[in-house]
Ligand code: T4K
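Only one chain is shown below, in structure tokens, and it's the form predicted alone.
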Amino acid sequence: MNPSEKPIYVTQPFLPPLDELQPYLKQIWESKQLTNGGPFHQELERKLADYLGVEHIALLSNGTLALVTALQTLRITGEVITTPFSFVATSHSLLWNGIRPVFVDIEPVTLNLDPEKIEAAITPHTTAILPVHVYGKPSDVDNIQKIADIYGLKVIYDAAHSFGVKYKDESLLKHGDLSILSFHATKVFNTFEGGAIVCPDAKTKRRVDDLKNFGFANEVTVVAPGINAKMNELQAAIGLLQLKYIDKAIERRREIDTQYREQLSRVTGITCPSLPPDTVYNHAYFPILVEKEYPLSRDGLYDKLRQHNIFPRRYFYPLISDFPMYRGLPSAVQSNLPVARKVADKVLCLPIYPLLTSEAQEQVIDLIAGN
């Protein structure tokens, strides 16, 4: 098979029609209000809360600052239990707040934080749990909350992958004390860059809003050592346009997911992790696990696809716990994370995005199948 003429990446951002952006730009230029909670910012907060089925949402300039600010909002200190199987922003947000990450292993099916491993990692210094809904699939929210309640811990969900996901007929974002979203260009819903914190009440949202604006409560009062994490009006305008197309975008992702599952189920040595039960899923990623029965190693398949101008990603490899700033932690030792390490060595995320053509997807499938 000849290489693809155009590169096929693991994802490609969905963008609304350019001409639909022009009226928003005109209004921004006329008002001269570029940031600091302008009209598009306020409108997007209202419309996102309604779309996502949550009461309060605070917009921020990106998902990483949303994580950093969420930890500040709840005044988290000491140690926080989290997963090694995620993007580095999850644990970097802890280090930025002077918090010690404590890694525990993941479940072999959901690939999310394993509740059965959490209790053994709790110490007198533990103040919170920071799970990730990996690939947008729900964590074991019920058991994690039970543990948090018993030990008096806060729960902040890294829900960067979970835009629009519903679990047991309600928004997945309602679980925990706070949930954060990312609107990065690679996400299901993007504002170029952007993020949000889902808050349980107006008081908490007000604290987030203060913290993301240097800690200013009003013109002359600074109530906390905040940061500049405000979403600007252009980002918000993009978000308002994206909301018009998000349902169609997710439906196209579902179609691609279905096709991968039907075709790859026939390939020996390729496992497609199951779809989560009781969940309205957003199909943010399509991971496969390359098992020992497959003729190539995971990295061998990765290289083969790249030679044909197809660029999957090994999300998430290496583990966060393998990076220099973390590997000296006691919880980062290999024996503590056997499932995460095994999965990290087998996982490969395939291209999935609304504008992926059927022909391009067939090329990916044929190469994996050895055709």
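Counting begins at 1, following the sequence as shown. Keep in mind it's a predicted model, so treat the numbers as computed, not measured.
Quick note: we don't show the form predicted in complex with this ligand, though the next part is all about it.
- Listed residues Y167, Y285, Y294, Y260 were compared with this ligand in the model of the complex; Y285 is the one with a heavy atom within 4.5 Å.
- The single contact residue among L67, A58, A340, L44, judged by any heavy atom lying within 4.5 Å of this ligand in the model of the complex, is L67.
- Among heavy atoms of N62, some come within 4.5 Å of this ligand in the model of the complex.
- In the model of the complex, no heavy atom of Y281 sits within 4.5 Å of this ligand.
- Y9 belongs to the set of residues with a heavy atom inside 4.5 Å of this ligand in the model of the complex.
- Residue contact with this ligand in the model of the complex: V132 places a heavy atom within 4.5 Å of it.
- For this ligand in the model of the complex, the listed stretch (96-104, 110-118, 159-167, 250-258) containing residues with heavy atoms inside 4.5 Å is 159-167.
- Within 4.5 angstroms of this ligand in the model of the complex, the stretch 302-339 places a non-hydrogen atom from each of R313, Y315, F316, taken in sequence order.
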